[in-house]
Ligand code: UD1
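Only one chain is given next, in structure tokens, and it is the form predicted on its own.
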Amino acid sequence: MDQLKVRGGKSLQGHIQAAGAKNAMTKLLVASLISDRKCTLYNVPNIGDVEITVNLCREIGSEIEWDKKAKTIQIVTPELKTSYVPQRYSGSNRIPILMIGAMLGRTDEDIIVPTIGGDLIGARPVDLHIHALQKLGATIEYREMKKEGAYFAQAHEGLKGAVIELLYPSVGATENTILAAVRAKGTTLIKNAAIEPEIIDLILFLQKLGANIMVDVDRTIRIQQAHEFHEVEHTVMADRNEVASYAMAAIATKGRVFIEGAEHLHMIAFLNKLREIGGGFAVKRNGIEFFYESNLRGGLHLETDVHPGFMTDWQQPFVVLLTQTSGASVIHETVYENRFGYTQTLKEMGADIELFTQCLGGKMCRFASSNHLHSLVIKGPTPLKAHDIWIPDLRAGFAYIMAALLASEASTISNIEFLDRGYEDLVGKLSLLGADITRLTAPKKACKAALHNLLIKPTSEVDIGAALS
């Protein structure tokens, strides 16, 4: 098991290229399963979640050529050789459940996919997915299988368009419904849909493929049945999570970093909050430059929300950035109920953070009176000290990288496979910017000791809450 050794105290300076978006790329691979036409994708990130999704698609019959150096993938699925996704993919990521929507219109066979996985950040129930697909005419049930759960789905009578209103604008449920609706007879309306940039990227891809899809201003997405499909060439959007992560690391370390390919339109909510604390940025023709100008100020109130609000994935590194601001700030997490477990390690590194079960925000969220620690107050500026760290999830992982970059001595970071899932060439990019970071293979004894130390903490201090979405 690999570890990272990070010695802090250096400001990040330089120029990097934004990678393709993890949360767009994986869904585009699944969307290609809808037809038997060749799809060519550009700006493909070389990350673990793409590798997993490529293997998933190959399992059911996709022919894939991945040129990692050129960052391109060609995928074509002439036929579904099987509609069974093996149980070994159970918990690997959140993609298997989306394969139901993509395959329902291409097969009369029963579709079997394993339970889903992902980061340990709170419950991500699939009831919204199931309800929407049932409205379109699918039959879906959960069964225990080989000591693991699996979803069984079929639409022997075909899919029919329907009006579907989501109780919450879930990204995954919106994507699954869109994928199924492309082959459903007639017209489908999705009300209260998620409208994240990654969903718009998916819609653009599907329009090239042959779908008629419209997004209305009231969060309604209208999909008409596609009767003919075409070959597609599509460039994956830049990863706004990666852009924000390096932007915050640059400002926190009092540096200056230009991120080529960063898209202004996708970063509006983030840039507004960055400006409120005095972080510098300049939008250029081909990207955005982020820089430290002067002392950062606290007094910030921030609520995470669905797009166009402030992304929940930006929250963890932003907390680390707030440790370097002057004054107290409040963060109210409204998307996931269990996303503050990572803060215990930051407190051990010197951060002044207090958690609350109340909604400390301008509105009451769905976690009000639920006894979840989903608000925090953070005071700064505070110096951070080196620490041995075990990563619990992807975004907390980058927050820890930031904290280690700010610490005075060397930190050791374990369980970095989470970072490999979502950040392309993390060590290479940070090294290019001047960070003192090294990847090394850790002795098994050291990894077991780090895991033991994590597990003996009280459950309120670690992020071992419900994981599945």
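What you see is a predicted model; the values in this text were computed from it and never measured. Start at 1 and count along the sequence shown; that's the residue number.
Here the subject shifts to the form predicted in complex with the ligand, a form of this protein not shown in this document.
Though the partner is left out of this view, H129 does reach within 4.5 Å of the ligand in the predicted bound form, counting heavy atoms only. Taking the partner from elsewhere, S170 is found to have a heavy atom lying within 4.5 Å of the ligand in the predicted bound form. The ligand in the predicted bound form comes within 4.5 Å of a heavy atom belonging to M311. Not displayed here, the ligand is kept clear of R183 by more than 4.5 Å at the level of heavy atoms in the predicted bound form. Residue V335 is the only one of V335, I331, L136, L179 with a heavy atom lying within 4.5 Å of the ligand in the predicted bound form. Out of the listed residues K379, H234, R94, K254, R94 is the one that sits within 4.5 Å of the ligand in the predicted bound form by at least one heavy atom. Checking 296-304, 321-329, 337-345, 385-393 against the ligand in the predicted bound form, the stretch whose residues place heavy atoms within 4.5 Å of it is 337-345. Shown here without its partner, the chain carries S32, K38 and H266, none of which come within 4.5 Å of the ligand in the predicted bound form through any heavy atom. Heavy atoms closer than or equal to 4.5 Å to the ligand in the predicted bound form belong, across 1-32, to the residues K22, N23, K27, ordered by sequence position.
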